[in-house]
Each structure stands twice: as structure tokens, then as C-alpha cells.
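Structure 1 and structure 2 below are two forms of the same protein chain, each written out on its own as C-alpha cells.
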Structure 1
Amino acid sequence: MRRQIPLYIVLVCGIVFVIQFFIPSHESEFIFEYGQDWVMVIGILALPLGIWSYLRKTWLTAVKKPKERFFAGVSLFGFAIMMLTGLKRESLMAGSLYMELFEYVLIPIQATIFSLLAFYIASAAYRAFRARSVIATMLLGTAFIVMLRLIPLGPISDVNQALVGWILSVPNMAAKRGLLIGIGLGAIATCIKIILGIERTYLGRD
């Protein structure tokens, strides 16, 4: 019964929100807004659980894995500092310690991580663009043409810009729409499986 009650709740809520989407009225808008409020409440209540899970996992990593102890300690120390400095009422004001840490520590770390992604993208592009087949050769040639639009080539630039515009608006758009349609159908299928209780991974197991 402990596992059946969440399935019934998901089934009823899924059917209700599907129906309210296709029946526009003040009542359906109220149901939608009421449901959105519940989503925010559940998200807020899930935040302490996520924090506890993070702290517990990091602490266990520090205890059981000596090689990871330093990094786990830095992570716990950073969490404690940001939490303590953010508890003050004026923490979101410019010049506060919390905002100083956010702007001069957290943002540079994020920028560093994202900058490293450029090297992984370049490596993946090199592996994908190697002309081992006709399709890979077409992909390489198209990528080369699209990248040339950023380079001033005189009269050739106008021709290249027109060609790039056609590539982006016709074959690229067709492929993008096909992907979006596939993603939409996959999302619908997943939602139906969740509503009907076929997909139960959100329960943790089964």
C-alpha cells in the first residue's frame, strides 16, 4: 500500500492536469495555478532532503576514501561558509561577504569549468568530423562552410552567407524539427507510462 498510494496520486493528478489543459476556463486556470503552488511547496520541502543527502554523501566520502578527503573537506567548508554568510538579512546586498564570495569565487569557478568544456567539444568535433564515410564527409564540408561565414572573404562572403542561410533554414531546420518531434513524442510516451504506473523509477526502485 505504501507504494500504491503514490501511483494513485500520480494517476489522478496526471489525468486532471491533462483535462484542464484541453478545457480552457477559469476553473482550469485555478487548478493549474493551485498545482503550480504545490510544486513550489514540494520543491521547498525537498530542499532540506537534498542538502542532507549531499552532506551525508560528502562526509562518508571523507571518512571512507582518504584520497578524496581533502576535496570533501573543501566542499563541506565551502558549503558551511556560504550558508553562514547567507543567513544574514543583508547578505544579498552589494558588498556583503556572501555576494563577494559569490562574485569572486563561485562565478570564476563556474567560468573555469565551462571553459574546459570547449576542449572536450573540440575533441568530440575532431572525432565526429573525420571523413571516414560519405556522411562524415558531408558533415565536415557543411561545418567548414558554416564556420567560414565568420571570416571576411570579400565577394565570396556574400555567396557564403546566402549558402549558410539556406543550410541553416532548410536542411538544418528540417533535422531540428525532426529531433523536436521525436523528443516530444518520447516525452508524451514517458508521461503516459508514469501516469499509468508503468514507469516507476521515480519511486526509487521497482
Structure 2
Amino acid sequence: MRRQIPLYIVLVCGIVFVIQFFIPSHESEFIFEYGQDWVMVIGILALPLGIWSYLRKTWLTAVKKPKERFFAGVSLFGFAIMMLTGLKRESLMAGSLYMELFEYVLIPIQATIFSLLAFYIASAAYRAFRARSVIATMLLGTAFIVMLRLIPLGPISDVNQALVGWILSVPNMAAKRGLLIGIGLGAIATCIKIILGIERTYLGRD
């Protein structure tokens, strides 16, 4: 019975929301928005569990692993500072300490990590574009042409632009659409399996 009730809820909600998509009435919109609100409410209910999990994990790391103690300490300190500065109602207003920390500490740190992506791309591209076979050589050649688009090439710039435009809008787009059609059908099939209760791993046991 513990498994049956969620399955019935999924069945009813799944069918209701599929039908709702085709009904433009006010009641239909209300049901959709109500469902979305519930998703948010459930997500918020899980937040304390997430915070508890984070604190427990970091604390245990600090206690049990001396080498990682400093980093765990920084993480806990950051959590405490952001939580304390964010408690006030005005904390989301511009100029508050919370917003200053967010804009001038957290965002630059995130941007720094994001900028590291360039180095990851360089090392991955080195492996991906090695001409080990005919297909890999074709990939290398195509990538070379596409990358040249960003460089002024004088008289052949227009020719290169046209070639890159064709590569992106014909073979590349064809492959992408093929993928998207497959993904769309796969997603619908998975949804049908979930609605009908064929797929139930997310509930725990099969």
C-alpha cells in the first residue's frame, strides 16, 4: 500500500496535466499553476534535509580528516556568514552585507571557476581532434574551418563564412534535430512508463 498510493497519485496527476495542456480555460490554467506551486512547496520541504546533510558531511570531514580540516572550516564559516547576513528582511536589497558578499565574493569565485573551463576545453580538444582515423580527421578539418570563422581572413573571409554557415545549418543541424527528435520521443515514452507505473525506480524499490 505504501507504494500503491504514490503510484495512483502519479497516474491521476499525469493524466490531468496531459489533458490540461490542451485546455485553455481559466480552470485549466489554475490547475497548472497550483501544481507548480506544489512542486515548489515540496522542494522547500526538502531544503532542511539538504542543509542538515551538508552540515553533517562537512563537520565530519573537519573532525575526521585533518588534511581537509581547513577547507571544511572555510566552507562552514562561509555558510554561517551567509546565513547570518541573510536573516534580515532587508538583506536582499542592494548595498546590504549579504548582497555585497554575494556580488563581490561569491560571483567572482564562480566566474573564476567558470574561466577554468577554457583550459579544460583545450586539453579535451587536443584529444578529441587527434587525427587517428578518417572520421577523426574529418572532425579535425571541420572544427578547423568552423574555428577560422572567428578570425579575419581577408579575401577568403566571405567564402569561409558561407562554408561555416552551411556546415552549421545543414549537416550539424540535421544531426542535432535527429538527436532532439529521439530525446523528445524518449522523454514521452519515459513519461508514459512513469504515468502507467511501469517505471517506478524513483520510488525506491522496483
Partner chain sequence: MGHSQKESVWGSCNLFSRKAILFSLTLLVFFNFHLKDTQAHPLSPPTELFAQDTPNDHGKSISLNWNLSPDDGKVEGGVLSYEILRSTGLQGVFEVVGSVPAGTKEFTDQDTALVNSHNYYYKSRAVAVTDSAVSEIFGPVTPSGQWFHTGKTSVFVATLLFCLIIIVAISYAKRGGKLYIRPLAGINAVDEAIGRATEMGQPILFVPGLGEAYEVATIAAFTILGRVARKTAEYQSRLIVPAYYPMVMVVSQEVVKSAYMDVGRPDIYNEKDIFFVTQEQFPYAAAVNGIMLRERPAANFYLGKFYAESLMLAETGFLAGSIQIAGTDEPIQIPFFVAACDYVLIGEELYAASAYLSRDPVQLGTLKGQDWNKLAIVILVGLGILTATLGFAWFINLFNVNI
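What you are looking at is a predicted structure, and each value in this text was computed from that prediction instead of being measured. Take the two forms, superpose them, and find the largest set of C-alpha atoms that agree within 1.5 Å; that set is the rigid core. Numbering runs along the sequence of structure 1, starting at 1.
Form assignment for the chain places structure 2 as the one matching the criterion, namely the form predicted together with the partner chain. Fitting the two forms on the rigid core leaves the C-alpha of Ile181 displaced by at least 2 angstroms between the two structures.
With the core held fixed, the Cα of His26 is displaced between the two structures by 2 Å or more. Fitting the two forms on the rigid core leaves the C-alpha of Pro66 displaced by under 2 angstroms between the two structures. Taking the core as reference, the C-alpha deviation of Gly35 between the two structures is 2.5 Å.
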